[in-house]
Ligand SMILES: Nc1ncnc2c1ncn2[C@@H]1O[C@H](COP(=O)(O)OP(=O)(O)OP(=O)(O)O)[C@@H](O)[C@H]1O
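Shown below, as structure tokens, is a lone chain in the form predicted alone; questions about how it binds or moves come after it.
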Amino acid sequence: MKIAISGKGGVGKTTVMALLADKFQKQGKDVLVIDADPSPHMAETLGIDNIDELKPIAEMTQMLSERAEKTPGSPFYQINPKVDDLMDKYMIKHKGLRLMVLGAIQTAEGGCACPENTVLKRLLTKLLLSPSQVVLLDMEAGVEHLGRGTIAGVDHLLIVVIPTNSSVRTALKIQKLASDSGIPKISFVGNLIQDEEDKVFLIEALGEKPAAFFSSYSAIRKAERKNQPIADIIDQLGDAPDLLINYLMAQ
């Protein structure tokens, strides 16, 4: 199963994805987390200390130049199909989880011509997973990754949305672009919910009920300030993580 997560900046998508990683790992799944946000924070959220050992794909200029080349007269990159070795060379392992980081995207070409995203797209479409394997992809905020088609190879897109008009507008735009991209399953996840009114607002604004509602937990904020991994406080977060995992497994 390949699951991507997206949403407006600051809605908590990295936190939700880290919770999913922990839950899937505890269920015995082989979990690979790919942090594709230009400002990556997944390693800290998972509690990984040896971050310096992980070199982002975006910084591997020699590898990228060898595997991504521009077709003459075209703004698009083609990629050598061999990406299997990336799995071992460019990841770190931590308590049963594996992490890869795309890294900051800073190319003159930008957009869909970006070789870093071409590598990532090829990696996602090439990966053939067994039922015990899960890939979790933490995307950059907003909608640009959909314009590049980076997550075309995923099975399910989760859109994290908080009870504000701006977050809903972004979430609905992501939903439309994802649907147009042919992503098979698209679901909303409500976050920073304080009361029943927040839930009703999201249901009415989105036109459907989110797969799960996460409250505005003070434990998460305190853990982040202490650089404490999210797994340490998961028991304080109610049943939302379990509800979301069960929902995903049933799809």
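Just count from 1 along the sequence shown to find any residue number. Here the structure is a predicted model, which means the values were calculated and not measured.
Form predicted together with the named molecule: not shown, discussed below.
(message) Only one of 204-212, 217-225, 181-189, 24-32 has heavy atoms within 4.5 Å of the named molecule in the predicted complex; I'd like to know which.
(response) Only one stretch passes the 4.5 Å heavy-atom test: 217-225.
(message) Check K2 for me: does it contact the named molecule in the predicted complex (non-hydrogen atoms, 4.5 angstroms)?
(response) Answer no; every heavy atom of K2 is more than 4.5 Å from the named molecule in the predicted complex.
(message) Is V168 part of the interface with the named molecule in the predicted complex - any heavy atom within 4.5 Å?
(response) No, V168 is distant from the partner.
(request) Answer yes if any heavy atom of P229 is within 4.5 Å of a heavy atom of the named molecule in the predicted complex; otherwise answer no. (result) Outside the cut-off, so no.
(message) I'd like to know whether H41 contacts the named molecule in the predicted complex, with contact meaning heavy atoms within 4.5 angstroms.
(response) Yes, contact at 4.5 Å.
(message) If you apply a 4.5 angstroms heavy atom cut-off, which residues in 6-30 are near the named molecule in the predicted complex?
(response) Heavy-atom contacts within 4.5 Å come from K8, G9, G10, V11, G12, K13, T14, T15.
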